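Here we start with a single chain on its own, the form predicted alone, put down as C-alpha coordinates.
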Amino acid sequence: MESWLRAESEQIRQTSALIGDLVDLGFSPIITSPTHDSAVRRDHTLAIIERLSSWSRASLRFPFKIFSSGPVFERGRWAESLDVEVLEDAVGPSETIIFDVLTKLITERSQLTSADNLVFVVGHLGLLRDLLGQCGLSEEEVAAVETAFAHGNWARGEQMIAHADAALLPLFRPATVESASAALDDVARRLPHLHWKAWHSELPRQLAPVPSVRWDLSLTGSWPYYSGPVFALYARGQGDALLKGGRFSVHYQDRDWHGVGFTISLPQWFGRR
(Lines give C-alpha, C1' and ligand atoms only; values in the text may rest on other atoms or scores of the structure.)
Protein backbone atom coordinates (compact mmCIF):
# COMPACT_ATOMS: atom_id res chain seq x y z
CA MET A 1 0.00 0.00 0.00
CA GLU A 2 2.77 2.45 0.88
CA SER A 3 4.58 1.89 -2.42
CA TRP A 4 1.32 2.38 -4.34
CA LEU A 5 0.61 5.62 -2.49
CA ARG A 6 4.13 6.86 -3.19
CA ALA A 7 3.69 6.11 -6.90
CA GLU A 8 0.33 7.89 -6.97
CA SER A 9 1.78 10.90 -5.17
CA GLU A 10 4.68 11.05 -7.60
CA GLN A 11 2.35 10.94 -10.60
CA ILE A 12 0.32 13.82 -9.13
CA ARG A 13 3.50 15.83 -8.60
CA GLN A 14 4.71 15.18 -12.13
CA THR A 15 1.29 15.93 -13.62
CA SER A 16 1.24 19.24 -11.77
CA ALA A 17 4.61 20.07 -13.33
CA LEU A 18 3.20 19.29 -16.81
CA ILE A 19 0.20 21.53 -16.15
CA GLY A 20 2.51 24.27 -14.90
CA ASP A 21 4.45 24.12 -18.16
CA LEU A 22 1.24 24.46 -20.18
CA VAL A 23 0.13 27.49 -18.16
CA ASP A 24 3.57 29.06 -18.67
CA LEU A 25 3.13 28.51 -22.43
CA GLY A 26 -0.15 30.42 -22.43
CA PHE A 27 -2.62 27.51 -22.26
CA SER A 28 -5.77 27.92 -20.19
CA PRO A 29 -7.51 25.11 -18.26
CA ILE A 30 -11.01 24.01 -19.19
CA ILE A 31 -12.99 21.82 -16.79
CA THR A 32 -14.88 19.22 -18.80
CA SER A 33 -17.69 16.88 -17.87
CA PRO A 34 -19.44 13.90 -19.51
CA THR A 35 -20.64 14.89 -22.98
CA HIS A 36 -24.27 14.22 -22.04
CA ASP A 37 -26.34 13.10 -19.07
CA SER A 38 -25.72 9.57 -17.79
CA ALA A 39 -22.59 9.22 -19.95
CA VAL A 40 -18.99 8.72 -19.00
CA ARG A 41 -16.32 10.94 -20.47
CA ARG A 42 -14.62 9.01 -23.27
CA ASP A 43 -12.82 11.92 -24.88
CA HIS A 44 -11.75 15.42 -23.87
CA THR A 45 -11.98 17.12 -27.28
CA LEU A 46 -15.73 16.72 -27.73
CA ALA A 47 -16.30 17.64 -24.09
CA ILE A 48 -14.23 20.82 -24.54
CA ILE A 49 -16.15 21.81 -27.66
CA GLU A 50 -19.45 21.17 -25.91
CA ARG A 51 -18.34 23.45 -23.08
CA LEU A 52 -17.11 26.20 -25.41
CA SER A 53 -20.23 26.09 -27.59
CA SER A 54 -22.09 27.97 -24.84
CA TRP A 55 -19.66 30.90 -25.26
CA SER A 56 -20.12 33.57 -27.91
CA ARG A 57 -17.62 33.31 -30.73
CA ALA A 58 -16.63 36.93 -30.13
CA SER A 59 -15.40 36.00 -26.64
CA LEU A 60 -12.85 33.52 -28.04
CA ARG A 61 -9.48 34.82 -29.18
CA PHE A 62 -7.97 32.53 -31.76
CA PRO A 63 -5.75 30.63 -31.75
CA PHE A 64 -7.27 29.55 -28.44
CA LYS A 65 -4.83 27.44 -26.40
CA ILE A 66 -6.51 25.23 -23.82
CA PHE A 67 -6.09 21.98 -21.89
CA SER A 68 -8.23 19.62 -19.85
CA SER A 69 -7.24 16.87 -17.45
CA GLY A 70 -8.91 13.94 -15.77
CA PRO A 71 -9.87 10.32 -16.40
CA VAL A 72 -11.47 9.05 -19.59
CA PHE A 73 -13.08 5.67 -20.07
CA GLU A 74 -11.54 3.70 -22.91
CA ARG A 75 -11.17 0.03 -23.77
CA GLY A 76 -13.13 -0.98 -20.72
CA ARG A 77 -11.10 0.89 -18.12
CA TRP A 78 -10.45 4.35 -16.72
CA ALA A 79 -7.24 6.11 -17.68
CA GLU A 80 -5.87 9.41 -16.40
CA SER A 81 -5.10 11.75 -19.27
CA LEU A 82 -4.08 15.29 -20.13
CA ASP A 83 -5.56 16.81 -23.29
CA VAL A 84 -3.93 19.79 -25.05
CA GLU A 85 -5.71 21.71 -27.84
CA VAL A 86 -5.18 24.72 -30.08
CA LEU A 87 -8.51 25.87 -31.55
CA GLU A 88 -8.69 28.08 -34.64
CA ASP A 89 -11.31 30.26 -36.30
CA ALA A 90 -10.30 28.54 -39.58
CA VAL A 91 -7.79 25.89 -40.56
CA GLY A 92 -4.37 27.35 -39.87
CA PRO A 93 -0.78 26.43 -38.97
CA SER A 94 -1.38 25.41 -35.37
CA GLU A 95 0.76 22.28 -35.82
CA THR A 96 3.77 24.52 -35.15
CA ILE A 97 2.42 25.48 -31.72
CA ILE A 98 1.57 21.88 -30.86
CA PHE A 99 4.96 20.49 -31.88
CA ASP A 100 6.77 23.21 -29.94
CA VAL A 101 4.77 22.14 -26.87
CA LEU A 102 5.58 18.48 -27.48
CA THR A 103 9.28 19.28 -27.84
CA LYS A 104 9.30 21.09 -24.49
CA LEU A 105 7.41 18.35 -22.67
CA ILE A 106 9.58 15.57 -24.10
CA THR A 107 12.77 17.46 -23.35
CA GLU A 108 11.91 18.59 -19.84
CA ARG A 109 9.15 16.38 -18.47
CA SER A 110 9.51 12.93 -19.98
CA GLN A 111 10.25 10.28 -17.36
CA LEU A 112 11.81 8.05 -19.99
CA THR A 113 15.53 7.51 -19.87
CA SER A 114 16.27 8.96 -23.29
CA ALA A 115 14.53 10.49 -26.30
CA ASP A 116 16.39 7.86 -28.34
CA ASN A 117 13.90 5.41 -26.83
CA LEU A 118 10.99 7.19 -28.54
CA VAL A 119 9.35 6.64 -31.93
CA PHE A 120 7.17 9.34 -33.51
CA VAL A 121 4.65 8.01 -36.05
CA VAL A 122 2.77 10.31 -38.43
CA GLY A 123 -0.03 9.83 -40.93
CA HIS A 124 -2.48 12.01 -42.81
CA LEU A 125 -6.22 11.40 -43.15
CA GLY A 126 -6.62 13.86 -46.03
CA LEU A 127 -3.84 12.19 -48.02
CA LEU A 128 -5.13 8.71 -47.20
CA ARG A 129 -8.66 9.53 -48.39
CA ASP A 130 -7.39 11.32 -51.49
CA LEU A 131 -5.08 8.45 -52.40
CA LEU A 132 -7.76 5.79 -51.93
CA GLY A 133 -10.18 7.84 -54.02
CA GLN A 134 -7.58 8.18 -56.78
CA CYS A 135 -7.23 4.39 -56.69
CA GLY A 136 -10.86 4.12 -57.76
CA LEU A 137 -12.43 3.25 -54.40
CA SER A 138 -15.92 4.59 -53.72
CA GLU A 139 -16.63 6.79 -50.71
CA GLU A 140 -18.11 3.76 -48.93
CA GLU A 141 -15.00 1.69 -49.66
CA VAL A 142 -12.71 4.50 -48.50
CA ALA A 143 -14.67 4.69 -45.24
CA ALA A 144 -14.43 0.90 -44.84
CA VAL A 145 -10.64 0.93 -45.29
CA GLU A 146 -10.31 3.76 -42.80
CA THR A 147 -12.50 1.92 -40.29
CA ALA A 148 -10.41 -1.22 -40.67
CA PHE A 149 -7.21 0.73 -40.03
CA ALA A 150 -8.76 2.55 -37.06
CA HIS A 151 -9.62 -0.81 -35.45
CA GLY A 152 -6.14 -2.22 -36.10
CA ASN A 153 -7.40 -4.65 -38.74
CA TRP A 154 -4.62 -3.96 -41.23
CA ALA A 155 -5.15 -7.26 -43.04
CA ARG A 156 -8.73 -6.29 -43.90
CA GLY A 157 -7.67 -2.84 -45.07
CA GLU A 158 -4.87 -4.34 -47.17
CA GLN A 159 -7.32 -6.74 -48.78
CA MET A 160 -9.58 -3.90 -49.91
CA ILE A 161 -6.65 -1.83 -51.20
CA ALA A 162 -5.10 -4.77 -53.07
CA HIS A 163 -8.37 -5.23 -54.93
CA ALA A 164 -7.98 -1.68 -56.26
CA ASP A 165 -4.25 -1.45 -56.99
CA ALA A 166 -1.74 -3.89 -55.50
CA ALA A 167 1.15 -1.68 -56.63
CA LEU A 168 0.14 0.91 -54.04
CA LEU A 169 0.27 -1.43 -51.04
CA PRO A 170 3.78 -0.35 -49.94
CA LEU A 171 2.47 3.18 -49.42
CA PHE A 172 0.27 1.96 -46.58
CA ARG A 173 3.05 0.25 -44.65
CA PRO A 174 5.33 1.90 -42.08
CA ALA A 175 8.38 3.56 -43.61
CA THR A 176 10.84 6.34 -43.04
CA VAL A 177 9.55 9.75 -44.03
CA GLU A 178 12.21 9.99 -46.76
CA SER A 179 11.36 6.67 -48.44
CA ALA A 180 7.61 7.29 -48.18
CA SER A 181 8.00 10.75 -49.71
CA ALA A 182 9.99 9.31 -52.61
CA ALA A 183 7.35 6.62 -53.18
CA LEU A 184 4.54 9.17 -53.15
CA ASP A 185 6.45 11.46 -55.53
CA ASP A 186 6.50 8.55 -57.97
CA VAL A 187 2.79 7.82 -57.44
CA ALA A 188 1.91 11.50 -57.90
CA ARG A 189 3.41 11.36 -61.37
CA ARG A 190 0.99 8.55 -62.25
CA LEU A 191 -1.95 10.14 -60.45
CA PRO A 192 -1.83 13.82 -61.47
CA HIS A 193 -4.99 14.68 -59.54
CA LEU A 194 -3.51 13.54 -56.23
CA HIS A 195 -3.08 16.64 -54.03
CA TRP A 196 0.32 15.41 -52.93
CA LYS A 197 2.13 18.75 -52.80
CA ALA A 198 -0.53 20.28 -50.57
CA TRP A 199 -0.63 17.25 -48.25
CA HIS A 200 3.16 17.01 -48.20
CA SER A 201 3.49 20.54 -46.83
CA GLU A 202 1.31 19.60 -43.83
CA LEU A 203 3.17 16.45 -42.82
CA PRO A 204 5.60 16.86 -39.91
CA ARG A 205 8.95 15.45 -40.94
CA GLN A 206 10.65 15.70 -37.59
CA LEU A 207 9.96 16.18 -33.91
CA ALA A 208 12.93 17.46 -31.98
CA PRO A 209 14.42 15.86 -30.00
CA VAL A 210 13.04 12.47 -31.19
CA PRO A 211 15.43 11.01 -33.80
CA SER A 212 13.15 8.19 -34.98
CA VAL A 213 10.22 9.40 -37.11
CA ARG A 214 8.08 6.91 -39.03
CA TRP A 215 5.40 7.52 -41.60
CA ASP A 216 2.39 5.23 -41.61
CA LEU A 217 -0.71 6.05 -43.67
CA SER A 218 -2.65 3.34 -41.84
CA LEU A 219 -2.49 5.57 -38.74
CA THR A 220 -5.95 7.13 -38.62
CA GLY A 221 -6.40 8.24 -35.02
CA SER A 222 -9.01 6.91 -32.64
CA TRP A 223 -11.84 9.34 -33.43
CA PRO A 224 -13.81 10.14 -36.60
CA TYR A 225 -13.27 13.90 -36.23
CA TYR A 226 -9.63 13.73 -37.36
CA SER A 227 -9.26 15.36 -40.78
CA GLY A 228 -5.58 15.96 -41.55
CA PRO A 229 -2.20 15.08 -40.04
CA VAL A 230 -2.37 12.53 -37.21
CA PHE A 231 0.45 11.37 -34.96
CA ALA A 232 1.36 9.12 -32.06
CA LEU A 233 4.39 8.89 -29.81
CA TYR A 234 5.59 5.48 -28.64
CA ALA A 235 8.32 4.24 -26.32
CA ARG A 236 10.16 1.15 -27.44
CA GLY A 237 8.99 -1.84 -25.45
CA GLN A 238 5.56 -0.35 -24.64
CA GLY A 239 2.54 -1.42 -26.67
CA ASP A 240 0.31 1.58 -26.01
CA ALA A 241 1.10 5.09 -27.20
CA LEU A 242 2.34 7.71 -24.77
CA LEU A 243 0.20 10.24 -26.60
CA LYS A 244 -1.99 10.51 -29.69
CA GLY A 245 -3.33 13.49 -31.59
CA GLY A 246 -3.83 15.32 -34.84
CA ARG A 247 -5.83 17.91 -36.74
CA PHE A 248 -9.58 17.77 -36.19
CA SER A 249 -12.77 19.33 -37.54
CA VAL A 250 -16.02 19.12 -35.61
CA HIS A 251 -19.47 20.47 -36.50
CA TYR A 252 -21.44 21.02 -33.30
CA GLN A 253 -24.66 23.01 -32.80
CA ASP A 254 -24.39 24.84 -36.14
CA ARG A 255 -20.78 25.83 -35.52
CA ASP A 256 -17.58 24.49 -37.06
CA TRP A 257 -14.59 23.93 -34.83
CA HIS A 258 -11.07 23.39 -36.17
CA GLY A 259 -7.84 22.74 -34.37
CA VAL A 260 -4.90 20.52 -33.52
CA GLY A 261 -4.34 18.68 -30.28
CA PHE A 262 -3.08 15.62 -28.48
CA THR A 263 -3.90 13.55 -25.43
CA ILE A 264 -1.21 12.23 -23.10
CA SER A 265 -1.90 8.91 -21.42
CA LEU A 266 -0.40 9.78 -18.04
CA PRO A 267 0.28 6.20 -16.84
CA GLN A 268 2.13 5.49 -20.11
CA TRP A 269 3.94 8.83 -20.05
CA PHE A 270 5.25 8.14 -16.56
CA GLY A 271 6.14 4.55 -17.34
CA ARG A 272 3.25 3.02 -15.36
CA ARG A 273 1.37 0.38 -17.35
Partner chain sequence: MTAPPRFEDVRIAIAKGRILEQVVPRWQSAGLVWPLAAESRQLWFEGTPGGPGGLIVRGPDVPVLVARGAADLGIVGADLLEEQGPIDVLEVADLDLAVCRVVLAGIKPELPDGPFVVASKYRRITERYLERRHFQADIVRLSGSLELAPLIGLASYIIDIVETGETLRQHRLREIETVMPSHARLIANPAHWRSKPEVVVIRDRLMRHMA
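Bear in mind the structure is a predicted one, so any value in this text is a computation, not a measurement. Numbering follows the first chain given and starts at 1.
This next part talks about the form predicted in complex with its partner chain, which is not shown.
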With a 4.5 Å heavy atom cut-off to its partner chain in the predicted bound form, the contacting stretch among 138-146, 118-126, 178-186, 96-104 is 118-126
Query - 4.5 angstroms heavy atom contact with its partner chain in the predicted bound form for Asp43 - result: no
inquiry  = Whether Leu219 contacts its partner chain in the predicted bound form should be assessed with a 4.5 Å heavy atom distance threshold; does it?
reply    = yes
I'd like to know whether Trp154 contacts its partner chain in the predicted bound form, with contact meaning heavy atoms within 4.5 angstroms. yes
If we define contact as a non-hydrogen atom of the residue within 4.5 angstroms of the partner, is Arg214 a contact of its partner chain in the predicted bound form? yes
When its partner chain is placed as it is in the predicted bound form, are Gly20, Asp24 and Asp89 each within 4.5 Å of it, taking any non-hydrogen atom of the residue?
no
Note: exactly one of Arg190, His163, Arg77, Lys197 sits with a heavy atom within 4.5 Å of its partner chain in the predicted bound form, namely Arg77
